[in-house]
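Here's a solo chain for you in structure tokens, the form predicted on its own.
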């Protein structure tokens, strides 16, 4: 592609770029750009919210540029304060390294492993002397750091801001110096941190990186950003059935946004919303599994009234609880959707719980469950007894 054609493709779907003129200038040189993305392994799994920026990094790869994936084994010890109303709880070194393994495995569901440069920022930060840390801090001002909205909000609300949190934008910015980034990608909430990287590159006598911010993907609720802690996420390694079912639960308005951000496609306005949503869910399942898995998920959905023929998550009943309330609670927990005893009791009493199509409305009942039976939990969730 010509530099102009590349610019048109790379800027598509972005929320903010600083600046298109700078990016075109870099592309015009005809040399591969170094496109940087940093991820902190603070949890073991990636979800579709993470995939938005990973898909953009993949575009750089496909155009012949160098993707640089920074695993923040050092920055994860600080914890990114972006959007946080309080200090993040610290992770152990062992937890961070274990999470880093799965992050890489899952990132390569999207990125081309052979064309990705992976670096751990602990390689340079763990060997820095305190004198070097002071010199790095001298390149920014306290006033500059306190311009961050989340810091200002906490201070205004008499909430503490720990000094190590103020270091986060500085160390993320220094990553850009170390890997000589031409472009840094991130969500819109990363704008401040990426701008710090530009400043530190200038101080190092380097040409500043282009800032490329991608939209934040809303979770299944359509309100808050996708997050595992909010239980409004779709994990990229979830089973085809779970992935398909979750996508089918989103609103029609959110469907159009998911299609643009996750697939780069417009929804056909002339198509019935349910059919359009099936296509969207099927394409996402195919992206992370296979075309066969997508077809099976669609078939299962169409036949969901007949649960005997549908692929369902396997569930092994607990050995320490024989009552229906305990069994149903354990079933929800196995789907990573924990519910309180009162919530489960209400579902049971409302008649939502069924075993092979038969309603069970007594929380104290002790049903005899056999392998292959279907335990229906609510309108959207069912499990098959292992």
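Residue numbers count along the first chain shown, from 1. What we label the rigid core is the largest C-alpha set whose atoms superpose within 1.5 Å from one form to the other. Remember, predicted model here, so these are calculated numbers, not experimental data.
Although it is not shown, the form predicted together with the RNA is what the next lines describe.
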Seminar exercise, completed: Only one of 61-69, 48-56, 29-37, 333-341 sits within 4.5 Å of the RNA in the model of the complex by heavy atom distance, namely 333-341
Exercise. Here the chain is shown alone; which of 295, 251, 237, 153 has a heavy atom within 4.5 Å of the RNA in the model of the complex?
Worked result: 251
Exercise. Since exactly one of 117, 221, 98, 105 fits, which has a heavy atom within 4.5 Å of the RNA in the model of the complex?
Worked result: 221
Exercise. Within 4.5 Å of the RNA in the model of the complex, do we find a heavy atom from each of 160, 347 and 378?
Worked result: yes
Exercise. At the 4.5 Å heavy atom threshold, is residue 272 in contact with the RNA in the model of the complex?
Worked result: yes
For this session: Look up in the model of the complex whether residue 124 has a non-hydrogen atom within 4.5 angstroms of the RNA, and give yes or no.
Result: no
Problem set entry | Heavy atom of residue 357 within 4.5 Å of the RNA in the model of the complex | no
Exercise. How about residue 352: is it within 4.5 Å of the RNA in the model of the complex, going by heavy atoms?
Worked result: yes
Exercise. Taking the rigid core as the frame, does residue 68 move its C-alpha by 2 Å or more between the shown form and the other one?
Worked result: no
Problem set entry | residue 344 C-alpha relocation of at least 2 Å between the shown form and the other one, rigid core basis | yes
